[in-house]
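First, one chain by itself in structure tokens, the form predicted on its own.
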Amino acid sequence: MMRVKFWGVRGSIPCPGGHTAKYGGNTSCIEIRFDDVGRQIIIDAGSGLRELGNFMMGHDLPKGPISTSIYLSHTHWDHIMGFPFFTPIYLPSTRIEVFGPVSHESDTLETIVGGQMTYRYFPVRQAELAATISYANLKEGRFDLGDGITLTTKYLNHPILCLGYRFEYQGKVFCTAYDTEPYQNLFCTDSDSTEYDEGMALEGEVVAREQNEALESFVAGADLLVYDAQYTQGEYIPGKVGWGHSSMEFAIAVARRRQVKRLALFHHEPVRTDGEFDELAAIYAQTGDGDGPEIFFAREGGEIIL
């Protein structure tokens, strides 16, 4: 059994306040508990990680030293900003493994995540942390995590290297694919332009199609898929193309085409209010009782058992 809990569901920047109390204002952080084998995995260290850390101090620490793994989708700030406020890093008994992709080998994951903890930005330096913390660069691949847990990683379409995660355990599949947008033909397709090259334009179409199909195969058949849905299609097309995020309509179409059982729309636009989400839910949410997946907007504090 996997227990998946949302501790942060927003994109870009925390947005606390009465207008976001229902769906939540913290940035990305998802917890997976494998109770049968006593394992915990955390995906992303956005501001939601702070509340998760506080919960672990009260729930897990009384049972023994904290040991956990954090898998970062990428290192944009909204996905790592919670790390300095994760209370377990200040305990000498804590063991943490941090995995994630880095765009440049000269910038290690430790340097990027720990770079937040210098006196320029924070009163405690990384070197002063009491916990034992290890860092490992992660690439595309398939990994045996032990205890019957298998992880497959897939590069997504974002301005820096970004990974989607597919966890398989006891016949169930939990998959994340956020901070990504549909692959586009990057070459000029206007035959009247001086930059147009027919061969390059055709090649660009093929590559974009292949990459989109590869990502859809990655999420196929998931029991729960957490997919980027920061914008509506009406918001995405006029001014958000190339920003590395998807529309709700695209996420839903992918889930339907690939027989996903539950779709959590995720990485919410920070300016969107609870009232606006309720209006969007009336349009896009589905119970999953009929033909197609259950569709819902991820809420902070929401928990799903697979």
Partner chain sequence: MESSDHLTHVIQAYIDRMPSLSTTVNKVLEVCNSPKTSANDLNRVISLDPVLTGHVLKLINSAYYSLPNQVSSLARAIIMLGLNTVKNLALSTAVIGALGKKSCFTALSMDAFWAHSICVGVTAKALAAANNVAGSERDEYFVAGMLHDLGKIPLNKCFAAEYAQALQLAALEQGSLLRSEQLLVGIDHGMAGRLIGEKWRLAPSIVDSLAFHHAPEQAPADSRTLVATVALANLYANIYEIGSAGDTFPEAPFLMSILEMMDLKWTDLAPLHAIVRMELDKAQVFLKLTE
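These figures come from a predicted structure and were not determined experimentally. Residue numbers count along the first chain shown, from 1.
We do not show the form predicted together with the partner chain, though everything after this point is about it.
With the partner chain omitted here, the record of contacts in the model of the complex names 178 to 186 of 85 to 93, 122 to 130, 178 to 186, 109 to 117, defined by a heavy atom within 4.5 Å.
Of the heavy atoms in Ser103, some are within 4.5 Å of the partner chain in the model of the complex.
For the chain shown alone, Arg142 is not a contact residue for the partner chain in the model of the complex, no non-hydrogen atom being within 4.5 angstroms. Put simply, Ala208 is close to the partner chain in the model of the complex: some heavy atom of it is within 4.5 Å. Among heavy atoms of Glu195, some come within 4.5 Å of the partner chain in the model of the complex. Using a 4.5 Å heavy atom cutoff, none of Pro238, Gly275 and Glu279 lies near the partner chain in the model of the complex. Residues are counted as partner-facing when one of their heavy atoms sits within 4.5 Å of the partner chain in the model of the complex; in 241 to 278 not one qualifies.
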